[in-house]
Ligand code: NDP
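A single chain comes next, written as structure tokens; it is the form predicted on its own.
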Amino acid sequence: MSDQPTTTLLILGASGDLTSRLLLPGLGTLLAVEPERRVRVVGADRSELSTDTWHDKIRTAMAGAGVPDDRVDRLLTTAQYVRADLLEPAQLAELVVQVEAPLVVYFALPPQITVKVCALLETMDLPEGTRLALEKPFGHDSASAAELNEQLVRVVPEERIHRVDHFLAVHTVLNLIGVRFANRILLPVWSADHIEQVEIVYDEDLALEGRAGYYDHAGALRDMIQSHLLQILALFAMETPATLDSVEVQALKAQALRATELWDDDPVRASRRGRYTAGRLGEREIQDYVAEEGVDPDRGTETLAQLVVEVRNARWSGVPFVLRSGKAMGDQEKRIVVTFRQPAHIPTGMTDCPQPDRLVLELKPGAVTLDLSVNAEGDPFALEQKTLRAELGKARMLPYGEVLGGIFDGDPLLSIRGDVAEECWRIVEPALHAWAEGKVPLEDYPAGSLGPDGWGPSPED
């Protein structure tokens, strides 16, 4: 890698929270694992930021990741911050002229600003091989996602566009590939013949935490299910790839999502939504969501969403996939739960299985558990459940480190392809329309609880 040219990481919107909280720490963990990688970090934004301040941000992130001092010093010799109005064509053009190939342009900007900057970049001569990286949301519906995709490919080809979903680089999500495709015991039972239900859950014990500016316009369905959880579903449900080549994996993910529809084609039956009220999370008193600063109560934003979908193909037809994510929940549940079907026959004279066997892939902390029915202690003709558990090894770097490494190498394996982004919007749009029309009630639940009364993992009969 040492003979490779230096990659310029041009961060547009570099003074914002994303850069300090995620991008720079992620880069730090990448350089800690791969110290020979050559990167130049250039930040640009409207805010005034001195060279010393910019260097301090980088140094703090690198130190936190354990990057050696001499490597940090080398990084700082070329690190630069440029104050620029990114919507001013002349200033943006001057910024682009200063950077050299290979170039990665990272949009740490609000979506509406990203679209405008892309329109300006379309008129400029970018360095050969320039790659674009941008954060969700990728549009606000399938039509706007298609428009954004058309805009992006006028700047660079699709294979050089990296739509970032850091969930795809979470260590335990990547382990799903190993569990699925490298396990002789599980591979034959990964279908509707043996699996009764799949739950993909990401419930947080965090409340709004001052993010009303973004979250009150997005809500749980757009923020988590439309993006992150559908990506996990695609990895879970896709067919077996011959290799981990990005083109093949992306195609198989798209195939799975094209087959995905709301349960029974009924957005009212297949979706639920809720919003937290005042309550208690541990030692903290949490105020009602609508009382949070920056929240518009009339917007009716949900903080808990559940969607039941079906992957309508030969492998998965008839299996409900339950996707759920909520804030201010009493149980911080972040996992994939696979419930297997009960055996077709239990020998006469034995008690029935107390509950179905389950495979649980915990996303945080990383672990795999298998709940199996076995002979009960003291009575060989009775059955009870025992749990086999394996802790997963620690990730080699932060998710954003994995993401940046793939972008620098031009490998879109951990990115979202344009048509996949559109499919994700297509899947959730019927539910969003039903909610906007008031067909699905917005249920209340106290902060620190397990959600509204009566919520269950299965679709209604």
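Note that residue numbering follows the sequence shown and begins at 1. Given the structure is predicted, the values throughout are model-derived calculations rather than measurements.
Omitted from view is the form predicted in complex with the ligand, to which the following refers.
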Non-hydrogen atom contact Pro446 with the ligand in the model of the complex at 4.5 angstroms: no
Close approach of Tyr400 to the ligand in the model of the complex, 4.5 Å, heavy atom: yes
Proximity of Asp85 to the ligand in the model of the complex, heavy atoms at 4.5 Å: yes
Pro137: touches the ligand in the model of the complex, heavy atom cutoff 4.5 angstroms: yes
In the model of the complex, segment of 252-260, 322-330, 347-355, 107-115 with a heavy atom within 4.5 Å of the ligand: 107-115
One residue of Arg40, Arg37, Arg46, His55 in contact with the ligand, assessed in the model of the complex (non-hydrogen atom, 4.5 angstroms): Arg46
